[in-house]
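Before any questions on binding or motion, here is one chain by itself as structure tokens, the form predicted on its own.
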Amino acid sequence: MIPALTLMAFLTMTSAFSAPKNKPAPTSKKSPTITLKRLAKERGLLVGAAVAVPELFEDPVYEKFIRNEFSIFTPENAFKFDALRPSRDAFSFETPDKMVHFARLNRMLMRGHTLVWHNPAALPNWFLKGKFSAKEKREILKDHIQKTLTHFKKAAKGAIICWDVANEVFHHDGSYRTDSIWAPVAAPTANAFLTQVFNWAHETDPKLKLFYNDYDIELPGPKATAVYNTLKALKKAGVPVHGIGFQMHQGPDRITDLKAIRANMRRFAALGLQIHITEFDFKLKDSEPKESALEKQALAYADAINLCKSIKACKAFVSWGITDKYTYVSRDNSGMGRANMLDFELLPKPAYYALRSALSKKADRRD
């Protein structure tokens, strides 16, 4: 297993993700604005969000905020299986390559998301409707991982620093998703499945940090314990897993036991895993008074970034989207929405200023 590269190495490797030669990065003679990315860099962190297309290329206000405020971003859907594979034998990298170009042009980093996910919404019809044997599924998945990483190894030139190799492999009760469309690839255990996909990814690009990503694992419980035990076993066996992504989607009934969350994250860090908060958002009830709801949301954003600041292994804070104008939340959550740091007019909400304030202060501890 190769040693994990340090965050500072990523922040200083400008040659690896420098602006394309045919179009220099924009410059300004004005003094730099105090942005989230500047504040985060002073704390040794990366800060960013999931970024949507076509909005990135069609909404100049949205694009400018991302370019000015963030040091890293995750393609929200553009790197998923269905987006990359219009057919079994064809890949489509046009839009992903445009996002990579944007990152390199603006000296930003990227998180690859995601190579393996069971959700049918992220799988193409040719695969869902096809009658493939377990052996064929294994071949399709291996081919997908290897060709995807081979492409970006060349195209990204170091801008993509990590990939969520596997996403949401466990049920809430901690059981392995044997009902997943991918389960036959290496059934019947999560250990066998993850060993296979992580090895395929590492063999293809040994320099990448490889992450496992999941939701509702902030607090100790059946699911967090299952993930912990599995990753512990993989690490012991020499499987190349380098990081754990805590999604941390939250809402009105948010987790306030920050001490327990910190202790849980620290036990993952003790395995030698880097930690990223990968998909943070905070949903608000439509019926809740606006002022009190926004105050609660701002506190949640501040708590999350402070958690990351307080744990040495936590290197990145990424929100799932930036504006209430472009979000999955209202569509997927009846009676709730407004989960992001910018409002429908792409103006900063209290959550944005809470992030700025939290990042302005030194961490209480880095253990």
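Don't overthink the numbering: it's just position in the shown sequence, from 1. Remember, it's a predicted structure, so these values are computed and weren't measured experimentally.
This protein has a second form, the form predicted together with a small molecule, left out of what is shown; the following refers to that one.
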{"query": "Contact test in the predicted bound form: residue 111 vs the small molecule, heavy atoms, 4.5 Å", "finding": "no"}
{"query": "Interface membership of residue 264, the small molecule in the predicted bound form, 4.5 Å heavy atom rule", "finding": "no"}
{"query": "In the predicted bound form, residue 57 touching the small molecule (heavy atom, 4.5 Å)", "finding": "no"}
{"query": "Partner proximity in the predicted bound form: residue 218 to the small molecule, non-hydrogen atom cutoff 4.5 Å", "finding": "no"}
{"query": "Proximity to the small molecule in the predicted bound form, single hit among 137, 249, 151, 285 (heavy atom within 4.5 Å)", "finding": "249"}
{"query": "Of 71, 230, 167, 274, the one that lies within 4.5 Å of the small molecule in the predicted bound form (heavy atoms)", "finding": "167"}
{"query": "Segment that reaches the small molecule in the predicted bound form - one of 266 to 274, 95 to 103, 289 to 297, 75 to 83, heavy atoms within 4.5 Å", "finding": "75 to 83"}
